[in-house]
Each structure stands twice: as C-alpha cells, then as structure tokens.
Ligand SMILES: Cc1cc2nc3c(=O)[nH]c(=O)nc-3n(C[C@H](O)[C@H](O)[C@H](O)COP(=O)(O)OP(=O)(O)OC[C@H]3O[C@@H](n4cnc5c(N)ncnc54)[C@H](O)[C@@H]3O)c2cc1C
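First, one chain by itself in structure tokens, the form predicted on its own.
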Amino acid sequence: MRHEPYWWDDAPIGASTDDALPARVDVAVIGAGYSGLSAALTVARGGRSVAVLEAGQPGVGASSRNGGMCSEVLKPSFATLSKRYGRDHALALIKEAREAFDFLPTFLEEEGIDCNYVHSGGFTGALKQAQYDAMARETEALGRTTGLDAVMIPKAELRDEVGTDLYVGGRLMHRRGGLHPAKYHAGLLARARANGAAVIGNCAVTGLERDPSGFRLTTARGTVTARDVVVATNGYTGAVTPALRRRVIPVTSYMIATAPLSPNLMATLMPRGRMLTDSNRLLCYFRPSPDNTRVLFGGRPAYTDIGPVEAARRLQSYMTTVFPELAGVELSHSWSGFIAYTFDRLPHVGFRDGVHYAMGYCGSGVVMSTWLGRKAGLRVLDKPEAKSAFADIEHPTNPLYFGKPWFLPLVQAWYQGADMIGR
C-alpha cells in the first residue's frame, strides 16, 4: 500500500520545473492550489505581472489529494442561512454556489483541460428512517423555495444507485460531478504559466511586510515586492497571515483506493457511477475511479493525524460495512491532506489587513476554490464581475482560537455520539 495519493499515478506532482523568482511583480499570490492558480490566471489575463509562491511543490496540498467530487451544496441549511443573513442573501449565496458549479465544466472546456470531468449526479444515503424522512421534508421544501434539483430514492430502488443494503434510502442530487483532481491541477498550472504567471515551488513565504509600494515578501528563495497580495492557502494557512489563520480550521481528510476490481463487481457496487456519501456527521465519501476500476473511499475517521496505516484500517472497516463484498480486497493507496473549515461553515473571499484572500471551502473546494480564486483575482483588477455574495458576509473567528484547533477531538467525540443515535 503506497502512502501517497492514487491521483499521482497519472499526474505526478513536481513534474515541471519552477519558474525564476522575480524581484518585483504587480501581484504576489501565496499558494499554488486551485484558488491561487485561478486568481493568478485571472490577473495575468488582466495584464498584471504575477508570481505564485508555493511552500512545497505546486499542487502538493489538497488540490491533488481531494476526492475530485463537485457539488453546488453549501453546508448550512437554507433555514440557517436565512436566519443569519435574511432570505434574500441566503438565496444569493445558493444562487452563486450554483453559478460556480456551472462555471467549472465550461471553464474546463474553454481552457482545454482534460481531467476526466463527468456530470455523474450524486447520492446521499440515509442510515436511519428518521434521517430519510427529514431529508425528504428538506428536499421538498428546497425544491419549492430554491429550485433544488433532487429526488428521494426509497429502499426498494436503492440498488439502482449504490450496491448496498446499509441505507434505508437516500437523496439523488442531479447536479453533481467528478473529476481527476491532480490532472485538473496540472492543467490549471499549465494555463496559468502559459498566460504569463510565474509559479515558484519550494518557496515558502516567511515574512509579509508593508512597504511604500505595497508589500515585501520574504521567501525561502529570496525577496519579492508586490503591489497587491492574494492569500490562497486554505487548510495550510500559517503564521505569516495570523488574522486569516484564526479564521480557518485545518481538518485532516483521509482517502484509500482499492486494488483494481472486476467490471462486474464495479457495476454491482456503483451501477450509475455516482459521487456518493451518507448522512453521518463523521463524513465519508466514495466514488469510482475515473477509469471505473477501483473504489476510492474517503472520510474523517479522526480529526487529528493518525497516519496512513491506521487511517486505512478505519476507512476500510467502514467501507466494508457499506460494501461487504470488499472484505479482504487489497488497498493500493492511503493518503491524507488538509481541508479548511470555517466557524460559519461557509467559503469566504475578501480583503483583510491589506491583502485579498479566498479560502475556507468546508469540503467543497474543487468548485468553490476555482470560483472564489477567480473572484479574488477580479477584485485585484477592480472589475465589476468581482461582486460576490460570499464577500458580503462577515468572516468570523473565535476569541479562543489562534490557528491550532485544540477543540477538534471534542467535535469528533460529539459527532460520533450523534451518529450512534442517528441524529
């Protein structure tokens, strides 16, 4: 079992050489994941010189480690969003998340990025009848109020969607898709460079100071000055931007890949090639590999670092609960990466302490990082298209939080208890 992402087999990280570090640019972007490259591509096409500074190899973080699942769904319910921001702004947030979902495949086609994108639909399984009933009520209400494109799948039709008897039914979301995340990153990196952006790996930013012309960034490879800065570090946000570090919570997410399975078994387990998850609070998510030969299974069996071997053991245990047919099947890969949650469970784009930023995707990073990275770039360019409902909400923190999530074991224990009683 290899302790690195399955995705790297087809799209190795660090396959291209780094660009030279310029002495001065119009825009410095910190972080070379989807957000940073999307912002860099946008400002480069706007006529600005740009350098993207990455602490490791470009793409080594969550952009090449995630599940490659694409969704328009925000974590808070419509009722919660309406209570916080009012009905109109709640609808604006939902509308923009849908625009972001629609933008991604159009962007891939226009840019010529081949990353195995499929509009597959997604299915969420309910483990308890009470969860199914609540899901059905929510689906009906959201269909009326927000136009949610979803239908409930009863137990009798479950195996048309996923080959398990674990669930009592679930919800089919038509507007979901999947892609190969490392191929997507490689394509986005190539497009940013082709449009003039310099992307420099192994170039950690260790200092960020104001100067008369903008900012002076001290890095592992030297110093660069920039008029504007975009911070796009998400789950890897560090001490160099302390105010932003206090507003994102790094959470470890783990994945495993099975060895190749027979076509008949894949057709039984995942007959429609959906992106899959269930109603547990300790989230798990799973999907077929792009070539439909493996099950890729992810989740958060722990909110702290437990290592690839223990993570694989825990994920495999739950995977075989869902799919007993996979008992004894070998695993080929086990890996992990950091996503970023926020205290309001919403993505954010904004301007703080003189820098632009986009981060905090709460597990919806493939779609929202591309979209909000672009929005951050448009904000640098002062374009009217930069307007975003996600920029018009406060980005909260907690008075006792300074970047080290000491409370995550408590959250995990509470989620485990809630899952046990089916709440």
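None of the values given here were measured: they were computed from a predicted structure. The first residue of the shown sequence is 1; numbering continues from there.
We do not show the form predicted in complex with the named molecule, though everything after this point is about it.
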For this session: Decide whether residue 334 counts as a contact residue for the named molecule in the predicted complex under a heavy atom distance cut-off of 4.5 Å.
Result: no
Exercise. Would residue 338 count as a contact of the named molecule in the predicted complex, using a 4.5 angstroms cut-off between non-hydrogen atoms?
Worked result: yes
Problem set entry | Exercise: residue 232 in contact with the named molecule in the predicted complex, heavy atom 4.5 Å | yes
Exercise. Is there a non-hydrogen atom of residue 365 within 4.5 angstroms of a non-hydrogen atom of the named molecule in the predicted complex?
Worked result: yes
For this session: State yes only if every one of 55, 67 and 205 has a non-hydrogen atom within 4.5 Å of the named molecule in the predicted complex; otherwise state no.
Result: yes
Exercise. So which of 30, 372, 27, 41 gets a non-hydrogen atom within 4.5 Å of the named molecule in the predicted complex?
Worked result: 30
Seminar exercise, completed: Of 258, 253, 289, 124, the only residue with a heavy atom within 4.5 Å of the named molecule in the predicted complex is 253
Exercise. Where does the named molecule sit in the predicted complex: which of 115 to 123, 140 to 148, 78 to 86, 197 to 205, heavy atoms within 4.5 Å?
Worked result: 197 to 205
